[in-house]
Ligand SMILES: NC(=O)c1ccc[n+]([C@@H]2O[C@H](COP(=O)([O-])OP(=O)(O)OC[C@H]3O[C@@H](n4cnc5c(N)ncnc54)[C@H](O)[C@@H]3O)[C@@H](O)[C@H]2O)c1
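First, one chain by itself: the form predicted alone, in C-alpha cells.
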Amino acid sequence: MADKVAFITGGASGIGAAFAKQLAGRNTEVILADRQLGLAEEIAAAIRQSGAEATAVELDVRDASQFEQVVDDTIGRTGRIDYLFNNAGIGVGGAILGYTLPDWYDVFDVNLRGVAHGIQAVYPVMCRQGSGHIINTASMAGLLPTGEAASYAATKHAVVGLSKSLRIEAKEHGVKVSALCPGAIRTPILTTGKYGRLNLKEGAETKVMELWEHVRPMNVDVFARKALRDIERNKPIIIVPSFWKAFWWLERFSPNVSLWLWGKVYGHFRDELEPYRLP
C-alpha cells in the first residue's frame, strides 16, 4: 500500500503525467485527473503495470461541483490527499489586438478558476488532516512580462499571488503551498496545449516551436525530477530550469531593464510571426 496520495490535474500529459510517473516510483498513489480520460487511463495503466498504484478520473477543472465530487470520491476510497498538483492549463497565443473575449475567458476559466476550484475542494481536507502540500503550476510567465501570451501571463501572475497568500494562511494548519514556475519545458503548452489555440494562420505552430528551440526546452521527465526535489524542500516559488532564476532576479532588482529585455524578445517574436498574422 502506498505511503501517500497525490491528486494531479492535467495528469494525462506534459508536466502532470511526468509528476505522476515520478511520484509513483516513490511509493505514492497517483490520481490522474483530466478531460482526456482515455489518455489518462493509458498512463495510469502503465504505472500500475510497473507495480505502483494509479487511477484515472475524468475532470474538467472549470466545473467546481465535478471537482468536489471527484475529490470526495477519492477521499472515500483513500482516506486522504497528501499532494494536490493544480496543474491543468491552456494558453491562447497571439497579440492582444487579435483577442476576443472568449480568448480571455477560456484561459481564465482553466488556469485561474480551475486552481481556485482545486483549492476549494482539497484545502479543507488537508486542514482537517493537519498536513498536505498544494503545488500550483504557474510559469515564468507568472514572474515576467510575456508578449504574445497576455491572458496566459495574467493568470500565471495571479496563481503566484494566490499561492503566496495561501501559503501564509495554510502554515498554521500544517499545510504547505508552493508555486511552480517552469521555464521552457518540452510539453504541449509551448504551443498552447490540447484545448488552447494560436490566433495565427495555419503553419504557425511549427514556427512557434522553432522559436522555442532557441532556449532549448528541458525534457519534461528531467524537469519533474528536479522540481520534486524543491517540492520536498517546501520552497515557496520553484523555478526549473535554474538558469531562469537570473531573469526573475533581474525583474525584481531592475524592473525597467527587465521590461527592456523582454520588449526586445517580444519584438523578435512579433517580427518572426508577422507572416502568420490573421487579417
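The first residue of the shown sequence is 1; numbering continues from there. Worth saying up front: this structure is predicted, and the values here are computed from it rather than measured.
Although it is not shown, the form predicted in complex with this ligand is what the next lines describe.
Novice: If contact means a heavy atom within 4.5 Å, which one of 134-142, 197-205, 96-104, 161-169 is the stretch that engages this ligand in the predicted complex?
Specialist: Single hit among the candidates: 134-142.
Novice: Report whether all of 55, 74 and 122 sit within 4.5 Å of this ligand in the predicted complex, measuring from non-hydrogen atoms.
Specialist: None of them does, since no heavy atom lies within 4.5 Å of the partner.
Novice: Does this ligand come within 4.5 Å of any heavy atom of residue 34 in the predicted complex?
Specialist: So residue 34 counts as contacting this ligand.
Novice: Would you please decide whether residue 59 lies within 4.5 angstroms of this ligand in the predicted complex, comparing each non-hydrogen atom pair?
Specialist: Because a heavy atom of residue 59 falls inside 4.5 Å of this ligand in the predicted complex, the answer is yes.
Novice: Hey, in the predicted complex, does residue 92 get a heavy atom within 4.5 angstroms of this ligand?
Specialist: No.
Novice: Test of understanding: in the predicted complex, would residue 87 fall inside 4.5 Å of this ligand by heavy atoms?
Specialist: Contact with this ligand, yes.
Novice: Which of 177, 149, 185, 126 has a heavy atom within 4.5 Å of this ligand in the predicted complex?
Specialist: Exactly one listed residue reaches within 4.5 Å, namely 185.
Novice: Enumerate the residues of 2-16 that have a non-hydrogen atom within 4.5 Å of this ligand in the predicted complex, in sequence order, or give none.
Specialist: Those in contact are 10, 12, 13, 14, 15, 16.
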